[in-house]
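One protein chain, two forms: both are listed below as structure tokens, the first as structure 1 and the second as structure 2.
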Structure 1
């Protein structure tokens, strides 16, 4: 066994992240660590990687007891990790990023000296970019390859990847798997942390399932099937999805009438959309085709250069605050930069945007009891873990944060729900929970604008699917008539 975890325990102030975790990782295998958000899978890997220190138990690497005091330490011993958020400097070139931290002497340019070592590694990988490209010019998938190259250059024997496919398109995911198999063939050991069942089954040799800080199963992948694995992960049999009401859609709630914007990001170009009561309109599209501007135009954060947005038949002119309290709920596209404040408590995050309601404040003074009650309701409705209103939000896993954001948006019983990437980084149980909630709202007459990069999600939930390409609506499919192929073609402007 290459790596052995023996009764490793790690406690945080409010939770026990790893409770006596024991399992082994075999040499030259692809090992999956799966579980819901907050199950402790990232924590155990960060302990191995030297980012955290454990409270008890021991870790053996090549049979020798180890405790790395820092990632640097782990890297020296041949263990490398690719994080969910890439640690790259966009302005620098691919080489410079790879060499970062290993520049060597001040006088001799590292790029010159080390090129010979870098070339073979790079050329054998057959990637679609050059060492001299700047990282900012690369796609997300290519950036991930740079991260992997970085580890290879440091001669890592063990590569840990934390949710590597969360940010990738389907094609990029395929390429990544290809590459990982290739690396395994070269003798590397790969650990992938994920919550996507299909990927585990497709890629891994062995799988460790974690739930609430404990290991609940450890088995060769071929002994498991999707249903069994899902049950192991969420701890119960998976309930069927919420039934969809078959009533026809009602009045138009949101009418986007030929709007254009002039933002520095991807601007909108005479976009037209209509969302009716009781309808989910899915917006498919590669990110960076106007999704952000669409969201911000509706809530009044992005000025329109032409066209108008009507809500319940009236052109909207009010402030963001007026719109968000006047029947529009928002699940913002970017959780950390638009939806939550990680340094605040769960409670304070649970009332962001709702805090001016008479329920939560009287004469400007926040009503603690009401806020706590509201937060506890959200926590139990969406099973947010840890279930503490006073915990600092940043200590929650991304999925749990997202559950809170969704719960907060739906709490006001809105007529229009803008759900932008509502399940990004969320685990199976919670995704199902969020999907059911959106369908329930649809059934009871809410209009829902669903923006997502996951085609499965769009196709499963939407009544109609609009494809956003270069700021305009490139195609519109009714439910059932969209195929993955047709959508994919429209998404790249080939329709």
Structure 2
């Protein structure tokens, strides 16, 4: 075996992340490590990569006992890792990001010396961007390719990818899988940390299932099916989805009336949309076709060059704060940049944006008892782990942070819910919980604008589906009439 974990344990102040973990990874294979958020799957790989030290047990690499003191030690032994949140500097070029940390004593001389070594790797990859492009000009999928190029340049033989498809479109996911299969054929060993069952079954050779810090299964992928794997991950059969009410939608809650923007990203082009009470309108589209401008136009962060946005029949002119405390809730598309403060506690993150309300402060003084009670309710309702209001948010897994963000957004019983990628990076159990909550809110009369890169999610939840292409609505499908083929055609402008 290439890598062996033998009774590895890792404890943090409030939780045991890995509890006597034992499994192995074969040479020249694609190995899946799956489990719910907080199951310990990312932690065990960060121990291998030298980001954490383990408290007990041992790790063997090529038969030799190892304990890397830093990622640099792991890189020197041929182990590389692509994190869920990319470690790139947006304003630098592709080649500058790849060479970063490898440039030697002098940047210019190192560039001249090492760029020729990079070109053959880049050219053989057949990527659709240039080494001189800045990272901020690339799509999310292309940025991930830059991360993989970094590992190949450093001659990594083991590639660890943490939630690699969490922010990718279906086509980008397909391209990534093809690339990973090519790398396996070239002799690389690949470890995928994920919660997406269909992708595990499609891509991997072997699967390790973790639950509550322990390994509960380790088996060849071909011996498992979706139902069995789901039960192993969540510890029980998956409950049926929440039933949908059959009442027709009510009055318009959100009306986007021919709006255009002039942002530096992907501007909107005379976009028209309506979301009614008791309706989920799904927004499908390849990333970068106006989704960000749509969200920011509604909440007042992106100025309009024409058109208007109406909420409950009135044109919105107030500040972002006024909109988000006046009946509109937002689940932001980028959790770390737009929704949380990792260095704050869980309870202070649970009231961000709500902290000025009378519920949580009096005469400018925060009411800790009310804040703690509110946080404990969110933790319980959305199964946030570890269940501690005083824990630093940054110590929680990405999925548990996202569950807190969703719970915070829905706590005020809003009339309009803007759910932008609400299950990004969230495990199967929490995804079902969030989906059920959105359906319940829809059944209770809320209007929901659902933006997602997951076509399965869009098709399962939406009453109607609008496809954004080049900033306008390229197609509109009623529930039951949308197929993946039809949506895919509209997403590339072929409808």
Partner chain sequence: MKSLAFSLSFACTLALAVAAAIIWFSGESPLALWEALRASLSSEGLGYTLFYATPFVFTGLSVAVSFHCGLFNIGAEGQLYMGTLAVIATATALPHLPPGLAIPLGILAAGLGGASWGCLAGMLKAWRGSHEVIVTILLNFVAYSIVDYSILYLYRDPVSQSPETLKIPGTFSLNTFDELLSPFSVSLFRSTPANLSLVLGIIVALAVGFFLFRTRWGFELRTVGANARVARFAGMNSALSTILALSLSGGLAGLVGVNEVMGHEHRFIQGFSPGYGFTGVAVALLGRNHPVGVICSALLFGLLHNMSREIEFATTHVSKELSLVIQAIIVLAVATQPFLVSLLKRRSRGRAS
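Predicted model only: the values in this text are computed from it and were never measured. For the two forms, the rigid core is made up of the largest set of C-alpha atoms that agree within 1.5 Å on superposition. Positions refer to the first chain, counted from 1.
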Pair member that is the form predicted on its own: 2
Core-aligned C-alpha movement of residue 133 between the two structures, 2 Å or more: yes
Residue 62 C-alpha relocation of at least 2 Å between the two structures, rigid core basis: yes
After fitting the core, residue 30 CA displacement of 2 Å or more between the two structures: yes
Distance moved by the residue 84 C-alpha between the two structures (core-aligned, Å): 2.3
